[in-house]
Each structure stands twice: as C-alpha cells, then as structure tokens.
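To begin, one chain is listed below as structure tokens, in the form predicted alone.
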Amino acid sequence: MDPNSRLVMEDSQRTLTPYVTGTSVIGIKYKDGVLIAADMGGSYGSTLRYKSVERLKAIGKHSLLGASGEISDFQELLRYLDGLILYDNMWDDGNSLGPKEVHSYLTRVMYNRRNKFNPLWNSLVLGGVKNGQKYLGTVNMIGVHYQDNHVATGFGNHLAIPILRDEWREDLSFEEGVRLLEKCMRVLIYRDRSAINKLQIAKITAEGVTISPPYSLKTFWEFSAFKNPTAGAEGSW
C-alpha cells in the first residue's frame, strides 16, 4: 500500500458531533398542498453564529425538503439529490420522481450511512404533491421514518406537535395553515434557545414550489414568567 494513502486513511475521521446546526422544521398538509416552516439560524455549538441559513429547498418538480441538524451534511444531501434528479431527467421519458420516491431514497441514504457508523447528522421533512396526491414524511439520522398529516423535527417534536394535534384539520386554507405554523414557530422562538425570529415558510402545490422571503413574527416578552422565571421556585438559585 502506498504510504501516503495509508496516512490519509489513518487521519480520516467520522463526524462525531455536529458543528453548525439548524433547529426545528415543521410541516403540515393543507387543503391545496403542503406547507413547511423553518427559521434561518445556524448555531456554532451554543453560539448563534449564522442568521441567514436557508434550510428549505425545492427538489425536482414535485418535492420540497426541509432539514434540521448539521448544515454541511444537509449540503451533502443536496448534492446527492441533485445527482438523483439529474439522472431522472436524463431519461427524458415524460415522467419524474415524486415525493414518495424522493422520501424513500432519503430513508435508504440515511439508514445506509448509519450502518457505516458515519451518519448524516440531520432530521428531514419531505413534502410534495404529485397527481393530486399530497405527501408528507420525515426521516431522522438513523433512518427512522414515517408519514403523517403534520410532522416536526428537533424541539418542534415536543413543543409544536401538541399544538398541531389540537388545531390541525384537513381542510385548512393556505392562510389558516400559515397562521398555525406561525403559532408553532412563535412558541419555539420563546422556548428554544437555538431558534431565531427570522423564518421562511414554503408551500408546494400542483403548480410548484414557492418559498417566502425571510420575515419576523411579532412577539411579546413582558410576561411575568419571562421577567422572573425563578419566582416561586423553592430552593432555586
């Protein structure tokens, strides 16, 4: 074996911990398609280092992807997906990959990398519309995946899903869906230290993908519990 190649092999390492990460992604089905929301923060450890990280991307003609977790691994996944879509387009057979196929591909990629003990450190939300059928699914860094009418990653699993279970319904209009996502994102802004008040909401319908410009939500920080969070907590510092 070439000594130089052996040196490269010995020096290579797995990603043992994520460095620059994004927090929660929330997705819901609504009357005409799928909505996905995410903020634009990128945390370097516990430092909110980057504030313009786009974590919502259109995939082909029928799919929309949102990612939390390691940003560089998300970029690697986008390279994989670019190759997949390019290969699909090369056939030029009038057909194209739908969200179900893209989600299936992502589950195999994540599980494969997990089995190599070199996971892509992301949790993903994949939504789309094809042939009038809405699709929404999620997959995490070890390949666990499922489909539902509403999904969330990160802190959203704990704080947003209860709200969605109470208030989501199948016939939500676009405006109602946006308001519901904004309510969830506002709770995350209050309670998740890694969330920032700069977000995007993307929709996908039979007509295609639209990703909103970044914007902020109106918040209120004068609650007494915010001003003095340890009031009444016996034995606290």
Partner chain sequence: MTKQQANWSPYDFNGGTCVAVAGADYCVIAADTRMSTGYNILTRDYSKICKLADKSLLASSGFQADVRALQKNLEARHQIYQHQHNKQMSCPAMAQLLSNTLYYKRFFPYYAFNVLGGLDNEGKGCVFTYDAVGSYEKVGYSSQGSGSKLIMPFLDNQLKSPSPLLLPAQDAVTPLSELEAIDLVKTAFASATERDIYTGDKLEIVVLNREGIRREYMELRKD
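Residue numbers count along the first chain shown, from 1. The model shown is predicted, which means the values in this text are computed figures rather than measured ones.
One more form of this protein, predicted together with its partner chain, exists but is not displayed; see below.
Contact check for residue 137: no non-hydrogen atom falls within 4.5 Å of its partner chain in the predicted bound form. Interface residue remark: residue 163 is not counted as part of the site for its partner chain in the predicted bound form, having no heavy atom within 4.5 Å. Within 4.5 Å of some heavy atom of its partner chain in the predicted bound form lies at least one heavy atom of residue 148. With a 4.5 Å cutoff on heavy atoms, residue 133 does not count as touching its partner chain in the predicted bound form; it lies far away. For a residue to qualify, one of its non-hydrogen atoms must sit within 4.5 Å of its partner chain in the predicted bound form; none of 174, 178 and 201 qualifies. Of all the residues from 100 to 134, those having a non-hydrogen atom no more than 4.5 Å from its partner chain in the predicted bound form are 104, 108, 111, 114, 115, 117, 119, 121.
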